[in-house]
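Only one chain comes next, encoded as structure tokens, the form predicted on its own.
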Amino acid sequence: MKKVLFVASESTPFIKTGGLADVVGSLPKCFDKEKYDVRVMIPKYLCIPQEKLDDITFLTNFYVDLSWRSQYAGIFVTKIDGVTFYLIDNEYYFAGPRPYGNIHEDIEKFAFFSKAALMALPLIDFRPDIVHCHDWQTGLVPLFLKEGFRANSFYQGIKSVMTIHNLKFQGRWELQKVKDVIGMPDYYFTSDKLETYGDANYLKGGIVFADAITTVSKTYAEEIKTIEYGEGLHGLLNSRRNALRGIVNGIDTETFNPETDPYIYKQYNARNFRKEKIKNKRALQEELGLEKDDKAFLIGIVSRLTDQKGFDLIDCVMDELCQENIQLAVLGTGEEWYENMFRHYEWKYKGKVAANIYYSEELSHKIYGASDAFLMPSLFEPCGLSQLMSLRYGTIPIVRETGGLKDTVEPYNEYESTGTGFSFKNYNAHEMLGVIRYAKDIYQSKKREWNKLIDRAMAQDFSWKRSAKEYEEMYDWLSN
């Protein structure tokens, strides 16, 4: 049996700030339990709700040497859905109201966590064949494994995988300060190892020292090898291209299932959506104060409101959009500029735009279930989960052809009656507007074609089981 340890800074059901937690919490459940023993290790943050910690058991504790000081580390364990979770405890590092705060504090915190994760292994009596690291917070694990622990026979032969969920976040900080924190010789702080443009870079260390590198879609794996998307690491990623592969994320198809979803107004499935899905639309229009109009083209947006997500394009053409029979249901928080932009348009186009500037799991499901289309005009998108959720609910995605959006949404072809959504290529507001108008015309004047689009969308399989098979192939390749 192959043993795999996921090391990550967050995981559902304990703590979540973004899609990383969904991946780490959902993926381990989907491996073939006969062949793979996949366990998870995360920090035991003080901000984890107490009810999530009711079933955890204290195992043991030890001390971690970080440069010139020694720090306490406790190990707790629990089992959820057949998966063993370990939580590393240290109240000095993992206090505070959020998992992440100031980058200089996070740099030390995750150096401690990366070292503690490896030091814990002999104490929990688990020697993995592969340590699977996620994002920059665990970028030092492959370095420690290959170099810092190399003299210890327990660690020899353990392979490492580095998964990049979003290359924009790299864990960069002043070189000298990082040297002081991790206590490794100067030899490791050169441009072929940890150094980047004068700083130390945790993610770079992970990419250099890992045995395999993955990212969350095939297109993103290609994009990050270019100057445009490579965030300064394109040269390194090109040099390691033989070790790099893209594996698309999945979604939890039990949580996101219109047939059983407790949050939506009226449950439906691929057979009865023609009659039942519209009831969700009417109820959402009522709840959000939108005009009650079955023919209005209702577009959903559930997102962090940031530059990356393409909201400057929407701002550019919003007045034109609102001249048409189109409605927008927006849910999310983020940059103040975009929050206020949507509030302004709700005030200006009352009944056409609903701006919900907060986060609600329940409302997000209602928007997936009730909207006719779902808009994601991202500047870049490593994978994206919202378009997978919208496909599951028969809500047709309108996306820009980048990263995982390009891999998961097949553009509609009216001549061959194929495709699962609509897409545009260039980062251009009027190109996006043209595609939205085209989608609206199909929805309003070719209802049969639109329903066939929904049929194809709801038939897509983006479950974690599919992704797990690809990870299994990689683990087998690594350990042969």
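None of these values were measured; they are calculated from a predicted model. For every residue, the number given is its place in the sequence shown, counted from 1.
Here the subject shifts to the form predicted in complex with a small molecule, a form of this protein not shown in this document.
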Point to revise | Non-hydrogen atom within 4.5 Å of the small molecule in the predicted complex for each of Gln308, Glu381 and Leu385 | key: yes
Check your understanding: Heavy atoms within 4.5 Å of the small molecule in the predicted complex: which stretch among 159-167, 110-118, 143-151, 259-267?
Key -> 159-167
Check your understanding: in the predicted complex, does Ile314 have a heavy atom within 4.5 Å of the small molecule?
Key -> no
Practice item. Decide whether Val23 counts as a contact residue for the small molecule in the predicted complex under a heavy atom distance cut-off of 4.5 Å. Key: yes
Review point. Even though the small molecule is not shown here, does Arg304 get within 4.5 Å of it in the predicted complex, heavy atoms only?
Key: yes
Check your understanding: Can you check whether Asn249 is within 4.5 Å of the small molecule in the predicted complex, heavy atom basis?
Key -> yes
Practice item. May I ask you to choose, among Val353, Ile213, Leu87, Val216, the residue with a heavy atom within 4.5 Å of the small molecule in the predicted complex? Key: Val216
